[in-house]
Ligand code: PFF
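Just one chain is shown here, as C-alpha cells, and it is the form predicted on its own.
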C-alpha cells in the first residue's frame, strides 16, 4: 500500500547521504557538546556512558526508526503523516496527537535553545577577539584570555547573564540565521547547511580531540569515561539521566525525525539509516567527552561542573594550555555548527505544517515562526537578569525554584517530549497496521524485525513512561 500513496508534493533529499547528514545534524547538537559532558560528569562518568549506550541501542534507535517511518510513509507534515497512518490502520486520527504534542514541544524548545546558542555566539565573539589580540601581540599560540585571570575568565558567563542587551543580540542573530536556512527550503537551505556544516563539524571535533590527547591528560579522561562503577550504573538517578539524554540527544518525541523522514525517498532503507544516525550521534557524544575531559583533568578542574562545564570550566582550562586561544575559538565554532543544524530541524517541523495546512509561502511561514520564537525566547533571556526572581510555577513540585528558562526546559524535556514518545511507541507497537509498518522499516529479512517490534512495543513504552513519571515526580528518585 505504501507505494500507492498519492503524491504529496513534498521535496525529497537529493541522496541517501544527504538524508543521513541532515538527520545526524538534527540529532547532533548542543546536547552532545553541552549536555552530554555535563550529565556524564555529574553521574559518574563511565557509569553514565554505559547506561547511555544501552539506552540508545535499546530505546533510542527503535524509537528513531518508528518516527522516521511515520514521516516516510505519509511524506507530509508530521501531523498529517501521523493522521494518515492512523486512518490507513483503521484507528482514530487522535493518534496524531503524538505529532501535535511533539510540534508544540519542539517549538518551545527552540525558544530557549536559541538563547543557549546565543551564548555560543558570544563566546565566538570573545574568543575571536582574543585570537586577534594574541596575533597582534606576536603570540598566536598563547593560552586563551591570557590578559585575564582565571577568575575573570570564569566571570564572563555571569557577566553575560547579567546583560540582557548582549544576550538579546546574540539570541536575535542565531534566530535570524535559523530562520534564513529554513526559509530557503529543503534542498536549497537545510540540505546545503547539513552537507557543508556536518563534515566541517566532524573535522573540528576530531582535531580538538587530537589536541586534547596531546596536551591534556588523556589517560585520566579515558578512564573517567570507560572504567565504570557498576554499582553507580544501577542507581535510579543515573538511569533516568541516561534515558533523558538519549531521548534529548536523538531529537526523539518532538517530530524532527518524522519531518525529515517525510523527505526520504522510497529507496532509503530506514532501518539501516536509523542505525547509522544513532551510532553517529552516540559516537559524537563520546568523542566530545574525549575532547573535553582530558583538558579538564589536565589543569586540575572538576568534571562535575554541570551545565557550566562548557562555558566556564573549559574556557578556564584553555587559559593555561598551549594554543588555548585558537582551540577555544575552534571549539565554539564547532558548537555553533552543531547548534544550527539542530535548530533548523526544530523550526522545519512547524514551518512544513504551516506551508501544507495553510498554503503559506515557505518564506512567510518561516519568517512568522522565526519572529515569534525570538520574541518568546526573550522571556528566557530576561529570566537570567530582569526577571531573575520570577518563579512562575513555584507551587508545582519539581519547579519550585525554576525561572522561566528552567520552566521551558523542564516542561518540554520532562513532560511533553516523553509524552509524545510514549504515544509514538504505543501507536507503532500496538495500533498501526503491522504490514504497513513492517514494509517501511526495511528490516523484513533476518531477526532484526521481530527484535525491533518487541523493543518498540514493550521496552520503549515502559522506559519512556519512567522518564515521564520521574519528570513529573522527581522526588521518586531523590
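We call the rigid core whatever largest set of C-alpha positions still superposes within 1.5 Å between the two forms. What you see is a predicted model; the values in this text were computed from it and never measured. Numbering follows the first chain given and starts at 1.
From this point on, the text means the form predicted in complex with this ligand, which you will not see here.
Of the candidates 109, 242, 212, 325, 109 is the one whose heavy atoms come within 4.5 Å of this ligand in the model of the complex; the others do not.
Shown without its partner, this chain lists 62, 421, 37, 29 as candidates; in the model of the complex, only 29 has a non-hydrogen atom within 4.5 angstroms of this ligand.
Here the marked residues 248, 256 and 342 all reach this ligand in the model of the complex, each with a heavy atom within 4.5 angstroms.
Screening 327-335, 342-350, 177-185, 219-227 for residues having heavy atoms within 4.5 Å of this ligand in the model of the complex returns a single hit, 342-350. Put simply, residue 113 is close to this ligand in the model of the complex: some heavy atom of it is within 4.5 Å. After superposition on the rigid core, the Cα atom of residue 37 is displaced by 2 Å or more between this form and the one not shown.
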